[in-house]
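Only one chain is shown below, in structure tokens, and it's the form predicted on its own.
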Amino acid sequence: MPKSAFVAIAGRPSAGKSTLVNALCGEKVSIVTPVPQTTRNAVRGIVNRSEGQLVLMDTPGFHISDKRLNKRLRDVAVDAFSDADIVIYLIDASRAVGPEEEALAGALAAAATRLVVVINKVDLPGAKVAAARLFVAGRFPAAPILEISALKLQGLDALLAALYERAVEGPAWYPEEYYTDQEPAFRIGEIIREKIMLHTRDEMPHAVYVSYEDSRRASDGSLHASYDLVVERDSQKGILIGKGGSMIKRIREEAEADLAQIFDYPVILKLSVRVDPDWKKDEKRLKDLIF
């Protein structure tokens, strides 16, 4: 009988979790930017092989902070790896172990029997692989340790083999043709947010959220979708619109180009910018945005 398992990926911000999910699924499931904490939700990617089905859960980076937004992101991550059948503990070999890694290891203690430790970015010059192994061995001596480069697609077959070895016999949760279960409205919004973060990362990396407003299918089959880009200050609104509308046009065009590779119908975007200075302080809003 085929196997199945829910696999959460835990790691510090920028450890490579989203890159790993995309690499294992062979498709763009999670958005990727150089900005720490790009991932805001437990995004699911699906791997279907002859051995069975793995449902991968990309989670927000585990970050020590008292800010409402960061605390909400941390809660989403902890909930995901608390409930998963298997947990990948992803360590960035390019960075030294610090208080954040110590805190994450402590949070993962309850999942020790379900851990597969994966040391990522081993291809980078100066990668601290031995130090990462020493750190893990002292805290999770029974956990297997694998070395990969998610970006270079190195070591992924061995990782998948380790995951399927730990999965149990069970039914597939999704049809075989699925590689993610994201709704189109959410997916489109994430692609828009990726372009915003790529082009405004120095000015306002976490000061904006993307709000779905409405959509309709046209007679030619295209999807026309409207989104609000919500920022905290009027000055940020100006940055996002750009001189003569140049920035928002660039974001829209690049997002539409990416969406053309994802959906089998054209997606036509209408983007507007509005200001909400208190959106990060609104607990209900954060729960609706981050889940």
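A quick note: this is a predicted structure, and the numbers were derived from the prediction, not measured. Residue indices: 1-based, along the sequence shown.
Only in words, not in the display: the form predicted together with a small molecule, which the text now covers.
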Answer key: of Gly26, Pro36, Pro266, Gly238, within 4.5 Å of the small molecule in the model of the complex (heavy atoms) is Pro36
Which one of these stretches, 98-106, 138-146, 212-220, 121-129, sits within 4.5 Å of the small molecule in the model of the complex when only heavy atoms are counted? 121-129
Ala150, heavy atom within 4.5 angstroms of the small molecule in the model of the complex: yes
Flag Arg12 as yes or no: does it have a non-hydrogen atom within 4.5 angstroms of any non-hydrogen atom of the small molecule in the model of the complex? yes
Decide whether Val32 counts as a contact residue for the small molecule in the model of the complex under a heavy atom distance cut-off of 4.5 Å. yes
is_contact(Pro60, the small molecule) in the model of the complex, heavy atom dist at most 4.5 Å: yes
